[in-house]
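Just the one chain here, the form predicted on its own, laid out as structure tokens.
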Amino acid sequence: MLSKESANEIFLNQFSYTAEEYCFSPGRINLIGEHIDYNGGLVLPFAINKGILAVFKKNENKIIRIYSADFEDSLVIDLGKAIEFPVEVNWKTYILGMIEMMNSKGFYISGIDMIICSDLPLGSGLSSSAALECLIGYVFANEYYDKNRKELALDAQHVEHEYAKVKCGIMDQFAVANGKKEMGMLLDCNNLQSNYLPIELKNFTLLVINSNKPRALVDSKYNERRAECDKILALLDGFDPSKELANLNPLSLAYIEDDILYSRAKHILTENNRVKMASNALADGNIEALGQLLLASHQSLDEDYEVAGHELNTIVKYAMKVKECVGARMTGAGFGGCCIAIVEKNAIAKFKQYVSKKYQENTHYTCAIFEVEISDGVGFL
């Protein structure tokens, strides 16, 4: 987590006084269950100790001043005037959208001076946008959202749909809002029922490998995959009563003649089943089986859902050449971003050295490899 001291220094430089109110909003990692949250499937995410830290002081002058240390840019909002959104989606869009959402619900919005800084790699697939949405909601309406965290997640998801124009599922926002230290979350995205389960990896650890590849196509490709899923549901209307792809009868796939749509549906059904098996593997302490499920997930995301790409495939390929690694896969939307790997603790240095070297040789990008801790959801410090 970021240092309060360094954040306070940035605040003092920007606003010429000291404020010591803090809010931290975590990123998230999805252990398994990719691209099925918007298809009513099961997912297994958890919040992490990397995220966005805010230092702030509320006021009554009806002016919001927010400075982003990462973008070295400021946002000023006069609450007495209509909100104007930027032409192109950027970090300000998520803040403005969340404030507009709270205004529409009749929440009181105060003026504020705030700085935000992040140690979450932007565009890495670790949910920086969900962290920012939930952060803003919690800072301005914490008394309500602290008791209604499911609603915070749904409101943040609405902002993503309405203002960022990304038709995301609920997983990212739900994990950021409802994370629990040292616990994963088995979430049914069809009905938002969730159960916490311990993530105990014994003599293994979970490593995150950031490909550092720009993800310029991710939003358009993400929406393209969603459109394909809508086509599948339309094709099967009358053949299968399910309204969510993850709950289709597997026999219904026989009605899908288009090869691409068949592959998309195949991934959704098999991935949903892998999440069930992964939760059982965790309960049984079978880390090797969990690792194999991660690898199978990646292969399906690459071959059937076609969202991996050369860089993420390269990471997984060389991760699995390290004998102490029992499983690896991409995490997040794909087309860049991050992978995760389950590695024996005594082989972390070896893994980092080998995978970093082979990745750079084969892609000309430099990856970043780091450990994370499982964190609580958004909250004041």
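The first residue of the shown sequence is 1; numbering continues from there. Because the structure is a prediction, the values reported are computed rather than measured.
Just so you know, the form predicted in complex with a small molecule exists too; it's not on screen, but the next bit is about it.
In the predicted bound form, the small molecule stays beyond 4.5 Å of every heavy atom belonging to Tyr318. In the predicted bound form, the small molecule stays beyond 4.5 Å of every heavy atom belonging to Leu75. Proximity of Phe56 to the small molecule in the predicted bound form: non-hydrogen atoms within 4.5 Å are absent; the residue sits far from the partner. At least one heavy atom of Ile170 is located within 4.5 Å of the small molecule in the predicted bound form.
Looking at the small molecule in the predicted bound form, residues Lys50, Tyr138 and Gly377 place no heavy atom within 4.5 Å of it. Judged by heavy atoms within 4.5 Å of the small molecule in the predicted bound form, the contact stretch among the candidates 350-358, 332-340, 57-65, 310-318 is 332-340.
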